[in-house]
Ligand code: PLP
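Only one chain comes next, encoded as structure tokens, the form predicted alone.
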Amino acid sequence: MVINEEMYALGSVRSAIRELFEYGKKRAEVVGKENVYDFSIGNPSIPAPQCVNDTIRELVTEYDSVMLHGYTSAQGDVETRKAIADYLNNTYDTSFDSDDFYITMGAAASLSLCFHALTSSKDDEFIAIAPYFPEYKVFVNSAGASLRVVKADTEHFQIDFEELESLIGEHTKGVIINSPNNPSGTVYSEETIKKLAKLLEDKEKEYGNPIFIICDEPYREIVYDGVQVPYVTRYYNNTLVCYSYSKSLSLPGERIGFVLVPKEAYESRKLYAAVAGAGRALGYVCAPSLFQKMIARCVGATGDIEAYRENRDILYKGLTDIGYHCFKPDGAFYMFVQALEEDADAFCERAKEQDVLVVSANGFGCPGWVRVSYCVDKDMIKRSMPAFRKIYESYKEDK
């Protein structure tokens, strides 16, 4: 074989989300952008906070161009890593320092580095909690491990601990949690995090091996109504945090984030070196210099989260008034809606007949549900309601 068939398979077919997003752009050329209700992709619809553009202008003025755009240390600029550590320590009463952080090209890179750093055998396993981001499987498999999935708790979208416990075994390297969650918008409660920590501590003793929690946290700041997101390192030592500024700062195209390896974690300095080694092996060294320097000055800032809350409330009321069953999210910018038939893929195809683009949750490990991304223009949500009603009524006509 000249070509790697596994890589060919990944590259020749886009993810279902990206495929739908591309379909929407082509459809808009036919019927007009205003007539396509595209809820497919999690592309932030609010502008970056003012400090982002102001800081970039300042940096371009203050720095010599060669220095500004030159290489940083492979693991990231030390001032940026210190600024992140200081912010987290002040916010969550932690005690991190700059050497606990590895700056990455966003959360996808962070996750990949963690899976590669932890995988040492083809028998190694990671566990995801459904519904989960489909790319986890790609990242885990590319590291040489396998992914097991806990079935979704479709009432509260917390963790089914009985199911989780049944999947943990001697080859379990880690449990991936994503809170606030893509695609359900749920936020894991403190009770859930404490229960997870206790279960894993017991399992570590049973099997004699460390089991890591891998936190995927790009939506941490996007929460509503005073909901708090527990900082997991405070509850469980063997925790790795994968973070991205794509959502909080509305910078999805700039690819900037970090991996946090707390000193309390098992063999933390060796693990940090393994993360750095994975960065070297995969070519994930020296994240964009300009944006590293910007982060150092804007850490802790966010876009207008209130705009997402308003979108959530408009969408939830509109859909439930029609008759849809929805899970009201506490965070992120996705709403989980129960499809009007068992086959969510078929439901999404019928929705396309009304130019409503929503994503089947079959790929998220949660059959029978769809994801509606509401990081969109508020007016589009309002304009889409007649189309959602037509979809709903078409199913009533079938009965």
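Just so it is clear, the structure is predicted and the values come from calculations on it, not from any experiment. Residue numbers run from 1 along the displayed sequence.
The following text describes the form predicted together with the named molecule, which does not appear among the structures shown.
Taking the partner from elsewhere, Gly106 is found to have a heavy atom lying within 4.5 Å of the named molecule in the predicted bound form. Although the partner is absent here, Leu111 sits close enough that one of its heavy atoms falls within 4.5 Å of the named molecule in the predicted bound form. When the named molecule is considered in the predicted bound form, Pro329 lies well away from it, no heavy atom lying within 4.5 Å. When contacts are judged by a 4.5 Å heavy atom cut-off, Phe126 does not count as touching the named molecule in the predicted bound form.
Only one of 297-305, 216-224, 259-267, 158-166 places residue heavy atoms within 4.5 angstroms of the named molecule in the predicted bound form, namely 216-224. When contacts are defined as a non-hydrogen atom within 4.5 Å, all of Ser244, Lys247 and Arg255 contact the named molecule in the predicted bound form. For the options Asn311, Asn238, Thr119, Asn182, the residue carrying a heavy atom within 4.5 angstroms of the named molecule in the predicted bound form is Asn182. Checked against the named molecule in the predicted bound form, the residues Tyr324, Tyr136, Phe96, Phe291 give one hit for a heavy atom within 4.5 Å, which is Tyr136.
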